[in-house]
Every structure is written in structure tokens, then in C-alpha cells.
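First, one chain by itself in C-alpha cells, the form predicted alone.
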């Protein structure tokens, strides 16, 4: 059986693309199952509830030698805990390649706005029937990862795919649906500070050192900014306990396309201010139009460290 694995701290795109790819493979007479490497966020749960889809089973490891498909990621630190004991047979992603394999495998990488876009293309290109439910969750994944086309990661292909998928899904008002998704994501209730930071959190290696970067895409930025002192203390704690060079937490206002960043120390503050020309704003680092970790934040860090 093929085990479809998205990244840790799963977001809507990684879950919806995994479910849709499971369905695609089964229709191709391949036994497959999607899994989640962590608890679903409220946006993802809202979508699955909306369309009556069962959430993937949550796991942290698989039996030695199990065949896995890495979806929406390809970095070891973002993947399943015992990845080195498993047999990677395929990678499907829209990020740059970092992982090495010990044998030739199927790799499908495309610079689109979401992994759901890639899976949707596979359905259309290989003329595999798409149900209304699968079309709906593919649309949701594209909307989520592109911030409903506000993110600089958005391509013309993503927009065209949503249009084509919605001929099947028949979502009457995509703008309204996107706001319902984003509001669900922003409703975090009494979530703990560490869980807030790590809801959408990845570790990146820059020039041999590990950095944690968490993002909070929201329609209610004050939920996080009102507790910035608690977040700052937790960032320092995470930096120490996880043996990181630095941790950054970026609060992104989806509708205003602005961001406010909190850092784990003075050196990180100075670095972020320098790289992004950030403006100090009530104890945060404000940057206009900085909304994408993949397209804007990580590449800027990588360029900086390569020049050192």
C-alpha cells in the first residue's frame, strides 16, 4: 500500500491534496491511504465538515519499509519521524527540492500556488473523474494556500484550475466561502501559546543552522498581537529547548496583506529588520505586503546566508 504523507503541523493544502490524491490513486487501482502528521487546524476541519469528508488518521511513524509518497513537502525535518526507515516512492510538491533519495523515484514538482493545484492537474491531464466533493476540497486547498489569490505564490494556472473545478463543485460564492474558511482559521479559542506558534510552523536549515518559522494567517491579527509578550517568551523557550539558532512568528493579516513579526531574541530582531526593512511597531516588526513564507520569507533568508 502507498502511504500518502503530508508535512508536520498540517495545513489545509497538505490535508486536502493528500485526500484527493488517495482518491486519484484508488481510481487508478492503486491501494493508497492518506495520513496526517498532526492535529488539523480549524480551517481544515471546517472544510472537511462542510463537505462531509473524514479526516485522515493521525500518525507520527509507520512500520519499517513502508512505501510512502511525500506530498506538499520534501524536507526531512518537516516529515514523518522515522522517514529514514521508510521507502520513499514518490514526491509531489510545489516547494524547492531539499531531500536526497538513495534510488531513482517519481518526482513531480511544479511552481504552482498549492499542492492541490498539482493534484487537480493530474486529474484533468489523466482524465480521471472528479466528484463534487473532491473538486470542492481541491478548491479549498488552493484558496487556502494562495490566500484566495492574494499571495505572490499565485499563478494564472491556479486561478484557471479553481474556475474549472468549480464547474464540478458548484460553490455559489467563492469569495464568501473563502471568508468562511479564513474566519474558521482565525477562531482559535483558548489555544495555548506554543500551539498557536506551531499551528503552521516549519524548521529550515540555513547554512548549517536550524531556524523555526511559524506563520499565523488570520482575519483577526489582534488575537496574537494582544498576547505578544507571552509569545515572545515562548519563542525564546522554543529556541532553547529545540536547539535552534532563532525562531520567528509572523502574523499575517490575510485581507489587509500586512504582517507583524515576533522574534526569539535581539539578534533575530536585527536580522529580520535588516532583511525585510521592517518597521518597529508596538513591539513587533511590521512589513507591508509580506504574506508568503515560501515565496518571500524563506528565499530572503537563504539569499542572505549564502552571501555570508
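Computed from a predicted model, the values in this text were never measured in an experiment. Residue numbers count along the first chain shown, from 1.
We do not show the form predicted in complex with a further copy of the same chain, though everything after this point is about it.
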{"property": "Residue 208: touches a further copy of the same chain in the model of the complex, heavy atom cutoff 4.5 angstroms", "result": "no"}
{"property": "Heavy atom of residue 73 within 4.5 Å of a further copy of the same chain in the model of the complex", "result": "no"}
{"property": "Any non-hydrogen atom of residue 94 within 4.5 angstroms of a further copy of the same chain in the model of the complex", "result": "yes"}
{"property": "Any non-hydrogen atom of residue 98 within 4.5 angstroms of a further copy of the same chain in the model of the complex", "result": "yes"}
{"property": "Stretch in contact in the model of the complex with a further copy of the same chain, which is absent here, among 130-138, 103-111, 223-231, 172-180 (heavy atoms within 4.5 Å)", "result": "103-111"}
{"property": "All of 125, 294 and 302 within 4.5 Å of a further copy of the same chain in the model of the complex, heavy atom check", "result": "yes"}
{"property": "Residues within 4.5 Å of a further copy of the same chain in the model of the complex, restricted to 253-267 and counted by heavy atom", "result": "none"}
